[in-house]
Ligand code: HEM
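First, one chain by itself: the form predicted on its own, in structure tokens.
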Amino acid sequence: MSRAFIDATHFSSEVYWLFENARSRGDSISNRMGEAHRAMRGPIQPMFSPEAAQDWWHEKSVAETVDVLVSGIEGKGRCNIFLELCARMPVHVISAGFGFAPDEILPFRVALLDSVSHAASRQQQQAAEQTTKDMLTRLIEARRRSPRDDVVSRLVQAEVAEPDGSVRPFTNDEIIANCRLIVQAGGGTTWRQLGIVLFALLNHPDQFDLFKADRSLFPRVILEVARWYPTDLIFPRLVIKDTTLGGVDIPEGSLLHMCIGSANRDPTRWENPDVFDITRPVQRSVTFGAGAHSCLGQHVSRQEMEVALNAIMDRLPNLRWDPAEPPARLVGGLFQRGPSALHVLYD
């Protein structure tokens, strides 16, 4: 599985141009390869480094967002924490980090989801695409005139290296494409994955108690949950040269769907792979990808989850299932899955 992520001579992420919904988002880091990918990702990468996540993102939006959301529920004694914290936190963190005004965050998110919704007609999708483009264009032009301390301001001031050694600024279309990609991924993935973390811990109270007693276990908790039940299961690649993968011959032109959910439960790599266990020896899974296209926002996502989980343990003591509500279930398909709801009680 790692080879399919890393080996760019046989497996190409340009596969996304084959999918209408992905193609409509435009030319972004997700569908570029080689030098073209490095040229575009290079200026963006530092904004999502581990250091940026712990410092800039934390101070810019993570800490305040978590504090406001937890303040809204800590005195209630019960809530659907999946809706009232998990779903709201990443949308506000990512949108605020990019520079959207508070009253623009929800309309942009709704339009972004409608633009890729399978339930929407193509006409509805196109209208939603235009809404996101118009909102982003206004934001980009405002930041070109008057930069601020946000991601879009940094993008309009960044330079892309061309093959001939020259440099140029990002175009509006390139900024729009990458903003759509990152905001959509950052809002949805962290929401569902944090919900899965809480689902796993609440269903394994012994391990939750272990974590409460030793917060340094956070990296193990995140790695194990991401291995045990990743929110996104399938990632595609286009086979651009005849090859053999896992003993199977795959001809050029094939469309390969990599199932990381299966790879992460490989019994030759993990003992008792179907068991959730935060004490198991640490081994890298493929949840965050590998190689040049490894998940850009993974460090920001981990920072959000760490701050949220610390706030939950500090300010929502004795978190437990609400027996008056239906039991939580993990639902969804191959591309997006997470809890149905997380109805909890706390003291």
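All residue numbers are counted from 1 along the displayed sequence. Being a predicted model, the structure only gives us computed values, none of them experimental.
Another form, the form predicted in complex with this ligand, is not on view; read the next lines as being about it.
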(request) Just one of 110-118, 230-238, 123-131, 148-156 has residues with a heavy atom within 4.5 Å of this ligand in the predicted bound form, so point it out. (result) 230-238
(request) Identify whether this ligand in the predicted bound form is within 4.5 Å of every residue in the set Phe82, Arg88 and Tyr346, based on non-hydrogen atoms. (result) no
(message) Just to confirm, with a 4.5 Å cut-off on non-hydrogen atoms, which of Arg315, His293, Lys60, Arg280 contacts this ligand in the predicted bound form?
(response) His293
(message) Exactly one residue in Leu256, Leu210, Leu223, Leu181 has a non-hydrogen atom within 4.5 Å of this ligand in the predicted bound form; which is it?
(response) Leu181
(message) I'd like to check something about Ala308: if you look in the predicted bound form, is any of its heavy atoms closer than or equal to 4.5 Å to a heavy atom of this ligand?
(response) no
(message) With the partner left out here, check for me: in the predicted bound form, does some heavy atom of Thr243 sit within 4.5 Å of this ligand?
(response) no
(message) Test of understanding: in the predicted bound form, would Gly186 fall inside 4.5 Å of this ligand by heavy atoms?
(response) yes
(request) Could you confirm whether Trp321 comes within 4.5 Å of this ligand in the predicted bound form, counting heavy atoms only? (result) no
